[in-house]
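So this first bit is one chain, no partners, the form predicted alone, shown in structure tokens.
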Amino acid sequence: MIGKDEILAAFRFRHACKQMDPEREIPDDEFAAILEAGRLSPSSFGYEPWHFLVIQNPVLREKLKAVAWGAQGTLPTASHFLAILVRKDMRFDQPYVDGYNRSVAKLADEARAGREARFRNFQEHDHRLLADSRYLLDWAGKQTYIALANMLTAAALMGVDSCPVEGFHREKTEALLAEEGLLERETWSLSVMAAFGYRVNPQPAKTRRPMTEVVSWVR
């Protein structure tokens, strides 16, 4: 395990890098580790409602520039460009949930029934996610941001720059990915994107509110 100083140094190193060096590529084993950090990330009930789409095709990246205003500098220059898809079928009674409990979690019948009952209660009563389909999608999307944050931090720990990207037209971007055969719209939506590579410009000064404004202790 690494110490707190190395961890905090990585957080101070990380910034939203808008322009990257197109001549530098992240080594395969390092980017594999970044993806693994995402795969190993926690999610609500452990259901992993995500898919990581690594977009390296330059023609597709050029097409994405027309719908992703927040990635104009990174789409042409990033070593790796990532789209994180989120599942739309995360309702308690959908086949994906039952299949996950059986095939991935490998739960016995009694344990599976108990887990599914808790998940139903969570969605119906605890968080009232079933009142609108958008509530359920937004809840699932929150899980993808946990994976995103872990990938950004893993990259920073290896000296790799990154930039999360929310600046895109969702409908048009999803339509483009669907046309390319990369997104099945009945099951998936686009949650967020991210670029990874190496900076070409100095990092701007990091600005944050002081700790006294962002933390309250309840003793």
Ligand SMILES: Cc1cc2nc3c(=O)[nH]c(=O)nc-3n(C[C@H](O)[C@H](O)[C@H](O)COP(=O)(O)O)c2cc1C
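Remember, predicted model here, so these are calculated numbers, not experimental data. The numbering used is simple: start at 1 and walk along the sequence shown.
The form predicted in complex with this ligand is left out here; the points below concern that form.
In short, of 53-61, 37-45, 164-172, 179-187 it is 164-172 that has heavy atoms within 4.5 Å of this ligand in the model of the complex.
Using a 4.5 Å cutoff between non-hydrogen atoms, residue 24 does not count as a contact of this ligand in the model of the complex. For the chain shown alone, residue 208 is a contact residue for this ligand in the model of the complex, at least one non-hydrogen atom being within 4.5 angstroms. Residue contact with this ligand in the model of the complex: residue 18 places a heavy atom within 4.5 Å of it. Contact annotation for residue 145: at least one heavy atom lies within 4.5 Å of this ligand in the model of the complex. For the stretch 93-112, the set of residues having any non-hydrogen atom within 4.5 angstroms of this ligand in the model of the complex is empty.
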